Ligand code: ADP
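In the block that follows, a single chain appears as structure tokens, in the form predicted on its own.
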Amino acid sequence: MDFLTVKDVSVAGRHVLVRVDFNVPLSDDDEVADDSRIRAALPTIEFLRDQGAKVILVSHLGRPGGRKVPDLTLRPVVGRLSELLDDDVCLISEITGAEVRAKIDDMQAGDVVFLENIRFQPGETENDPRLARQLAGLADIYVNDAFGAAHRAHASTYGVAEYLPGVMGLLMEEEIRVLTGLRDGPRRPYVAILGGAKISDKLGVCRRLLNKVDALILGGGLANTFSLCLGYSVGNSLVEAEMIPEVRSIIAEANRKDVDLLMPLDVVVAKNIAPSAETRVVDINDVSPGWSIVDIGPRTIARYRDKLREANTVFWNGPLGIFEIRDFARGTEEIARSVAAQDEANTVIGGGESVEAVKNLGISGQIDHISTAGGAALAFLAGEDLPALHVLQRAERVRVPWVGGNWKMNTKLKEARKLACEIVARWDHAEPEVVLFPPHPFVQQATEEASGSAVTIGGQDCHWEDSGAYTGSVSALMLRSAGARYALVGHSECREYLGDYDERVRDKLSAAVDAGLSAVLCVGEQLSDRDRGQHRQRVREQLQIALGEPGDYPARKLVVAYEPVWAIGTGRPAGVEDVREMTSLIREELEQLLGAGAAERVRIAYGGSVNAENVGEFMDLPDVDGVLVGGASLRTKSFVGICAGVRDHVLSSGEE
């Protein structure tokens, strides 16, 4: 498994958006009836708190259909979580707005807040990019710990990871670890049990499992459709007659692949689907009109038990009868006991009713792994691509292309707003990441224009202290509170005109990181360095002083911008080979300072003259991940053209 997890990223002092699956049952008096999903996510939440993160939780509850439904508020869930954490968790009733931003910015290390039911937002299930950006704008890092929703491409499970670095939570990691073993290397014989109401929900999974299992046991409404396909009368039972052609092909495929397909021999039938209804046990070929199959019968239970005794691996999803009515739950309960009794087998259960059965019987401790997911677990075991996993950060691709626009000391307020608005309107792509650096007085206004867009705002510089008697200075915390998410430090002009020596750049970098900002560290050599043959050593020194002391540098949030200062106004432009040499040196030095793994996640940008036509030449270099643009960023068409050039290069590289 090559995904990065929450343990692979630095979270101290940072806002971390955590997608959890707290879609839990509530009692009639609005209390959490089963808190197992909440408990399962506690290790991730507590790990983040211990590391000093500011934790923002998001979950759905029920199906409110994109509108606020008072009965589906997360308030009872938040109350139970507060009890389990022994600390107050604040429920925030909105996703966006000044009040939300203020509460997020006021968070201290270790605080936990919870956004209201994300499915109150109509854009959630539609994976609306605007909602995804709004969520991403609340945090620095995204953690998905909601394996139960991993098969949904929603804004909070999929879209947000296109705008933030996304990693797995500890629960997600454990689920994937266990299910990967089950999918890729199960101990034989491998027996899967599938139940539930509808075959249409599990048809694809059923077919794919034929490539992996030795025996497939069927029950519930799913088995009824198989029985009907074989010519048995099923009375008034729940069936999906339109699925019979598909079922017929699955039966034929099971025979070809020598998979033992076990279906009910006898069943419990009832005159009415209600408690205390009249019931009978009949053979599967003897279901009378007007009666409905509600459970598997005793001969079927015995047959299924015998097959389970042969198994070395068991996966179970879905009840084998109408489990919610106590009188029709015997088959499900007996199979639950049988699965739990397989001491030598690796047993895994996923799906609400199956899990509920073993919990009600008090035997959950005898199951090797109880998954928090039903549909997602089935899809993963069948080899399907889960959308929520697809967008999480994999170890081999950790550098998202980056374009920065440094406006320097240009624009007035009206011009700044107009420029930001134009760029935001014309750039609507997740890659490359686009960051604008307006003058400090306009950071908040630019942030307002960019709210909910694909564009991020940064500050051109920051002070090395959080506060104090430093007239005219701007701290990293001030930038953060104004909406900035980046700080530019060590720019050649700040070094030359404002006296930023290497040690001061180091302190500014630390201040930016401590404030939870991403940082752009600018390095580069003067013409005199190059003429003396000391250009390589000069850049090494800048990196060593800025990064050489022990520090907590989140590699994914660090950009190193190489500026060939010697080429400015000298008539000696920096060529592609010059940039290749220096960016390669920077990557090598980063490996020495941060370690190979962290260095691989740091993005390196070229901070020289580029345009839409030549940017691809620089992006072709193996150690260049983006560009820092100066004057061209003041012209919307030119800047967006450069961004598009980077995007086109990335797409063409992917096709190759």
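Every value quoted in this text rests on a predicted model; they were computed, and no experiment measured them. So that the term is clear: the rigid core is the largest set of C-alpha atoms that superpose within 1.5 Å between two forms. Start at 1 and count along the sequence shown; that's the residue number.
Keep in mind that the form predicted in complex with the named molecule is missing from the display, and what follows is about it.
Distance criterion of 4.5 Å from any heavy atom to the named molecule in the model of the complex singles out 317 from the list 371, 300, 406, 317. Checked against the named molecule in the model of the complex, the candidates 202, 133, 508, 491 yield a single residue with a heavy atom inside 4.5 Å, and that residue is 202. Partner contact region in the model of the complex: 189 to 197, out of 111 to 119, 150 to 158, 469 to 477, 189 to 197, criterion any non-hydrogen atom within 4.5 Å of the named molecule. For residue 354, a non-hydrogen atom is located within 4.5 Å of the named molecule in the model of the complex, even though that partner is not displayed. For residue 432, no non-hydrogen atom is located within 4.5 Å of the named molecule in the model of the complex, even though that partner is not displayed. Using a 4.5 Å cutoff between non-hydrogen atoms, residue 137 does not count as a contact of the named molecule in the model of the complex. Put simply, residue 304 is far from the named molecule in the model of the complex: not one heavy atom of it is within 4.5 Å.
Residues of 220 to 253 that come within 4.5 Å of the named molecule in the model of the complex, judged by any heavy atom, are 220, 221, 224, 238 in sequence order.
In a rigid-core overlay of the protein, residue 526 has its C-alpha displaced by under 2 Å between this form and the one not shown. Comparing the forms between this form and the one not shown on their rigid core, the Cα displacement of residue 293 reaches 2 Å or more.
After superposition on the rigid core, the Cα atom of residue 543 is displaced by less than 2 Å between this form and the one not shown.
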